[in-house]
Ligand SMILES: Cc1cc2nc3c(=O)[nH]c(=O)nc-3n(C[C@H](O)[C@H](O)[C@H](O)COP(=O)(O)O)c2cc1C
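In the block that follows, a single chain appears as structure tokens, in the form predicted alone.
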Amino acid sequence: MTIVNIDDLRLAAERRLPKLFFDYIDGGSFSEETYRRNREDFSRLALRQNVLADSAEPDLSTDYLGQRRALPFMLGPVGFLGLYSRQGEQKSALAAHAAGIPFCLSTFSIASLADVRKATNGPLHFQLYVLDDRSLMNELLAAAEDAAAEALFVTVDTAVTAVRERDVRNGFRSITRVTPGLLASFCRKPGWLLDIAAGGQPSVRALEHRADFGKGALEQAANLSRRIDKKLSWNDIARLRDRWKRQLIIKGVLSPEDAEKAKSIGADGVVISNHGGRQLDGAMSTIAALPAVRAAVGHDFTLMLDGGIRRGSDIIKAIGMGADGIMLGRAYTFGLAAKGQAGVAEAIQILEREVSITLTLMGCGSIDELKKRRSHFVFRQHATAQEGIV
């Protein structure tokens, strides 16, 4: 199969992965309405075409999260990368760093922060679920400090876990050990099985010293998910702000009011996110939420965005509507699941190429120019440019 775009990588991932893991990556909650909106609402935005502008080699570098980056996107946190490809977290980080962009490790990872840092010295971030087991949470924070994580992304939209019906049918997080039926499904994907088996039984490395979490990745993940603090409040975030001395980003914000609260307690930015359509079903898409959030917090506050990114034009539209940078999730995970580190690199290259071509056809010479003239280049479909976001 010829890989041309991210959707092709998705199909390749589906062919290689057991259904249990593909559906975990690909699915959303309940009727998956939010999941679909994240994609569909990008089509409501239009790009301005400008010709003869001498923009054939646009500069894709830009500033977000306090530093100059080679590309306007980074690899966001995705759980269990090491179950889709052996040493998946390390492979993803290596591909990101080769492209000059950061990688953010999820709390729900097979590799530990120390494992990833051992593999690469590039820009590393960490995504934290606040746990009711504060001692374990403090261990994770200390590990992030030891690994020189530049930023901490605190996920705040998981007070309860929504019903992800594909996962329920497949038994993800309810099955804690490999059953005969699950083993049979694994055997139908021999390429994946041989790759994973070469590393021995997968386990969550950060939990290996905790016997109460169990031994294998499935059991450990199920137990860890029960420890997410269901009573998390803004006071807890304020205390975490005092504890963490580097960049603190709040992930899972859709409303202007929540973004303003995050800014008021000293957060360095927010990620406009609906958990990839995996939490509140019926919520607005992230691209639809972006303009009001930007208007509320002003232009000097970092806004990242995730959700529904499959094309370079999606990245341009999000920046045109007010984002500073983009966090990829499924887009690079499909690449990892399909082809390992080479697949992550290919996903990055596909989006880089699409961003470059799209900017050229828009007559826009750089991401920085796009940010300076947002409403000139990106506007609502069937609306005038003046109705875009300045």
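All residue numbers are counted from 1 along the displayed sequence. Since the structure is predicted, the reported quantities are computational estimates derived from the model, not experimental observations.
What comes next is about the form predicted together with this ligand, which is not displayed.
- Heavy atoms of no residue among Phe73, Pro102 and Arg311 are located within 4.5 Å of this ligand in the model of the complex.
- The chain is drawn here without this ligand; in the model of the complex, the stretch among 289-297, 140-148, 121-129, 87-95 whose residues come within 4.5 Å of it by any heavy atom is 121-129.
- Among heavy atoms of Lys339, none comes within 4.5 Å of this ligand in the model of the complex.
- Heavy atoms of Thr302 never reach within 4.5 Å of this ligand in the model of the complex, leaving it off the interface.
- In the model of the complex, at least one heavy atom of Gly329 sits within 4.5 Å of a heavy atom of this ligand.
- At the 4.5 Å threshold, heavy atoms of Ala13 stay clear of this ligand in the model of the complex, well away from it.
- Checked against this ligand in the model of the complex, the residues Leu17, Ile367, Val378, Ile25 give one hit for a heavy atom within 4.5 Å, which is Ile25.
- This chain lacks the partner; the member of Trp234, Trp244, Phe108, Phe186 within 4.5 angstroms of this ligand in the model of the complex by a non-hydrogen atom is Phe108.
- Of all the residues from 257-291, those having a non-hydrogen atom no more than 4.5 Å from this ligand in the model of the complex are Ser273, His275, Gly276, Arg278.
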